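First, one chain by itself in structure tokens, the form predicted alone.
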């Protein structure tokens, strides 16, 4: 049935592959913020989905009151997320992580419970403030014809920005002293001190960057969910982010893109022949063979 559907018109498969790649890019950058925090600071942020939601609402209100598009809104959201990330680290993480050479099981549980509580608080407040109404941004810069495929320019712009964000993060970590300090912290906290950096400042910066990318990703995501911004949207995109990070490997910057593209293609192609629920379930099930065959992630 699936084969006959696509063989009847090969351009349908090509279109779904293109749209899946575009969707995968934005899913990758949404997960990339989690990858920074989880992969570097070794903290699993349960409230990740709520900050994606706040980024989306930030883009919505910037568009509603000032007419700012999602791409420009991502810059404002990133700035807000950067400040929030610093506050998040010193309020929820610093007391538990300071002075420790490794993140112990006790510390993991403390930070897990703290971020879970924060998740409940944010989602509850969001329901009270924004109510349960679904909103969206009307953003349609047109389409680009590539043979038989019509590529939405909005999705193409977001894909380019998403790849630039991931590339910029990679270059920052690989080519700068601060980036080297962050990589050292992710491998061995004491190694951070050996190169002359303060572990707490390094961890707080990595957390701030993670939040900045997360909220920027929430803004970019609004291009794909024109009528899907709501207080509970984090319950969908947080699990997707976790699957992407595990697929690509925590701490691997290009792993975010690899995992995002994989899920984006699976989600979009399968929705052409099955229900969205089956498409999402299949994408999540891909995590099982990855964990068995390549527990370190699909990238080396």
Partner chain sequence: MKGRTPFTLYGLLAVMAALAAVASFSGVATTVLLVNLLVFAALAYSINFITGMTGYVSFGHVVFMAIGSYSLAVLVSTYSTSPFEGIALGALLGGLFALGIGAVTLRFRGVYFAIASLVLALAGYNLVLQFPQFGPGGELIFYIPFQPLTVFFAIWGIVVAEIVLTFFVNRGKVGLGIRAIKDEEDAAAAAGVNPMKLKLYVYMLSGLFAGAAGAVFAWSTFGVNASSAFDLTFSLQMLAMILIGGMGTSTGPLLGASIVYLLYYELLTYPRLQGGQFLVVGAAVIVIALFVPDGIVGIIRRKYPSLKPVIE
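Keep in mind it's a predicted model, so treat the numbers as computed, not measured. Residue numbers count along the first chain shown, from 1. Just so we're on the same page, rigid core means the largest C-alpha set that superposes within 1.5 Å between forms.
What comes next is about the form predicted together with its partner chain, which is not displayed.
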*Just one of 86, 92, 76, 170 has a heavy atom within 4.5 Å of its partner chain in the predicted complex. Which one?*
92
*Using heavy atoms only and a 4.5 Å cut-off, determine which of 109, 72, 160, 146 is in contact with its partner chain in the predicted complex.*
109
*Touches its partner chain in the predicted complex: residue 129 (any heavy atom, 4.5 Å)*: no
_Touches its partner chain in the predicted complex: residue 242 (any heavy atom, 4.5 Å)_ = yes
*Evaluate residue 38 for contact with its partner chain in the predicted complex, applying a 4.5 angstroms cut-off between non-hydrogen atoms, and reply yes or no.*
yes
*Does its partner chain get within 4.5 angstroms of any non-hydrogen atom of residue 118 in the predicted complex?*
yes
*Partner contacts for 263 to 286, taking its partner chain in the predicted complex and a 4.5 Å heavy atom cut-off*: 275, 277, 278, 280, 281, 284, 285
_Given a core-based superposition, decide whether the C-alpha of residue 60 shifts by 2 Å or more between the shown form and the other one._
no
*Can a Cα shift of no less than 2 Å be assigned to residue 17 between the shown form and the other one, given superposition on the rigid core?*
no
*asked:* Is residue 267 displaced by at least 2 Å at its C-alpha between the shown form and the other one when the rigid core is overlaid?
replied: yes
